[in-house]
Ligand SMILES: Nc1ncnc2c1ncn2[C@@H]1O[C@H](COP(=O)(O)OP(=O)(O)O)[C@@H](O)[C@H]1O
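In structure tokens, one chain follows: the form predicted alone.
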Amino acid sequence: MVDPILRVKGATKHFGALVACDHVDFDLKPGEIHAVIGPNGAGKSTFIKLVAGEHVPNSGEFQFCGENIGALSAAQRAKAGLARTFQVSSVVNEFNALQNVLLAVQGASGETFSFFKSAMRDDELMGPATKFLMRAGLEDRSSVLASDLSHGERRQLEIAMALAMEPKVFLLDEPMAGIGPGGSKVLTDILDQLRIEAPILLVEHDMQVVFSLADRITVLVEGRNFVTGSAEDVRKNPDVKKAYLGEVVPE
């Protein structure tokens, strides 16, 4: 049996009287996409922020590659190999696509922003930046300013920047948010290949995307584990449909 690369036990987070996550258990195995879904307010975004280190839990254990990371900051977890992408894209609008990825490559290499201009002439940095841009499907958009990219292309750019970290796990929070059907198809294909690079914890509202990609699905309801199972088992579970109160669960 393959050991999980990421394991969470009893993750709990209170915001005053509100319990956003209530003893949530989760694990992620090498090579898989494990999606976290649930109705609005179920605690999905809070959970991924707990894993990323952006929220401090009230209780819970967080293990990554066999090590306890509960005391690590978000930056330390990212450095250890947890690559986080956000609901709101964090690219630099004034830079073109290649420059954004180059900036990520430069940051991963430990060099400072003050050497950015010289990095544009450094083949050891430019080579990987170009490769990551290509893997995200943006090789023909390298010279386009980030501000001129479509919403879906900005998501692709964010993935290219995450690849620059050479992560061991991707934490993807609503990557399809605001993307039309065409862009969604492109990004779905990219994510399907991304799991080869590193397993993915996927928080996503688009159920078509979830059921086409996920190997396993954890459903949260009111901050608690409701069910975890294969995509097929969750799809057929009548209680999941009831929990969604009419939201679409694809047949």
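Just so you know, these numbers come straight off a predicted model, no measurement behind them. Numbering starts at 1 and follows the sequence shown.
Not pictured, yet referred to below: the form predicted together with the named molecule.
Colleague: Have a look at V209, A52, L191, A42 for me and say which one sits with a heavy atom within 4.5 Å of the named molecule in the model of the complex.
Modeller: Among V209, A52, L191, A42, a heavy atom within 4.5 Å of the named molecule in the model of the complex occurs only for A42.
Colleague: Would A20 count as touching the named molecule in the model of the complex under a 4.5 Å heavy atom rule?
Modeller: Yes, A20 is a contact residue.
Colleague: Is there a heavy atom of T218 lying 4.5 Å or less from a heavy atom of the named molecule in the model of the complex?
Modeller: Taking the distances in the model of the complex, the answer for T218 is no, it never comes within 4.5 Å of the named molecule.
Colleague: Among 194-202, 32-40, 66-74, 210-218, which stretch sits within 4.5 Å of the named molecule in the model of the complex, heavy atoms only?
Modeller: Going through the listed ranges, the match is 32-40.
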